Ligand code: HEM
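Form predicted alone, single chain, as structure tokens, below.
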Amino acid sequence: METNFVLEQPAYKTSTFQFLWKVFRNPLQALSDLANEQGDIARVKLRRRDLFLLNHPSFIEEVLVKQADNFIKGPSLQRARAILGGGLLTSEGDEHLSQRRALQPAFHRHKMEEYLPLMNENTLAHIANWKNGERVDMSEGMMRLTLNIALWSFFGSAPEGAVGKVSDAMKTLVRLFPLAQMPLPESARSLFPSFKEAKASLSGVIEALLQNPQNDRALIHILKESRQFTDEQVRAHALTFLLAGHETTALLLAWCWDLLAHHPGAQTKLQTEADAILGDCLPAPEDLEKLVYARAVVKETLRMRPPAWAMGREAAQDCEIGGQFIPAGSTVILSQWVTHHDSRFYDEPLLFRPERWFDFEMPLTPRYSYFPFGGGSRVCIGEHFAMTEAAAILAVVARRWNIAPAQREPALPKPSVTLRPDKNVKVVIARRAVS
């Protein structure tokens, strides 16, 4: 794909109907086709609103960093307040900056030393009942594992039945997320009992977590002691971190196991590294930097199967990017899926090659050719937590088990709120004969 700086509406613009039909059928292909047809700044007219798809790292950086103050979260995420309330994910401007500064201490790198033992503990407990030769649903299993880790790490406990309630509520909300995206009053949404019940179930879990008198975790301490948060904001933050703190990492891990099961050579390298570095021990903070291949597997999976596959922003005022005039009110799309699969930045982008992340093999690429966690002041606050969790879980499991595919073909990406497998990832496990 060649660089194409669009200075005026191209004569070959995509028709609205054609584009929307493609988006309905396959959003990933629709965005990829639009980028291939129009280049680094693609433009589609949607009724009275312009939509721009920006595909070059320098343009992505303009939106996320250099002109970040002019780009607010799009209507889609704002409507997510129907589920998440006014938490960190949906807040804007000075409010977001203030909230982030208050919550940041719970996610500093040094806090990983506190969280890592909980990650190890929960991983061992999760695989304790695995039986040699059995078929395991990694999609379901990783969702429950990361949920348990989020509960213990952020809230210091996992109330009885909490995992099941949150898991069931999440399935309902993901299924009904399009309902939350419609500009409907709250009273209209209440006509859908399952939506209302899922929200009530999550509220009950959050209330139980907040009322736990023995909870001394950094996050909950900040939420309870900070005078800047109202009771409603405390609940919104707690819900945001409970849901966002496990769901995307669970999807990442399910994709990791799917790719590793279908690439046994990569799995062998992961196991060899885990054997050499961990031996009979569990990962310690000093081991994390040594788990080079495990971290490369995570990074390559985030490149190929980014749970956050596209981001929408709205231009608050008229601006210019790459010579293209972008009117106020326009929607700007940045797609991790499109950019991460661009052959200008990645050799053989459709191949799973964790080795590409080694210093001697990865050429210098533009900063925003890779942005699985976003970027700028709104980069995901849980990035270090997620990377630590994923690498540690991969190493602990790979040290003990071989993973073979239970399905002939790898799962296909199915874009929804996040990038999910089109079918649950199922594998056959075999205990490793390791000393």
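Just so it is clear, the structure is predicted and the values come from calculations on it, not from any experiment. Throughout, we count residues from 1 along the sequence that is shown.
Here the subject shifts to the form predicted together with the ligand, a form of this protein not shown in this document.
The ligand in the predicted bound form is approached by Phe385, whose closest heavy atom lies within 4.5 angstroms of it.
Taking the partner from the other structure, the ligand in the predicted bound form has no heavy atom within 4.5 Å of any heavy atom of Pro354. At least one heavy atom of Ala308 is located within 4.5 Å of the ligand in the predicted bound form.
Among heavy atoms of Trp257, none comes within 4.5 Å of the ligand in the predicted bound form. By the 4.5 Å heavy atom rule, the three marked residues Phe373, Ser377 and Cys380 all count as contacting the ligand in the predicted bound form. Note on contacts: among Thr339, Thr240, Thr301, Asn122, the single residue with a heavy atom within 4.5 Å of the ligand in the predicted bound form is Thr240. For the options Ala294, Leu202, Ile326, Leu89, the one in contact with the ligand in the predicted bound form, meaning a heavy atom within 4.5 Å, is Leu89. Stretch 96-104 is the answer when you ask which of 159-167, 96-104, 283-291, 222-230 has residues with heavy atoms within 4.5 Å of the ligand in the predicted bound form.
For the partner-free chain shown, nothing in 156-174 comes within 4.5 angstroms of the ligand in the predicted bound form, judged by any non-hydrogen atom.
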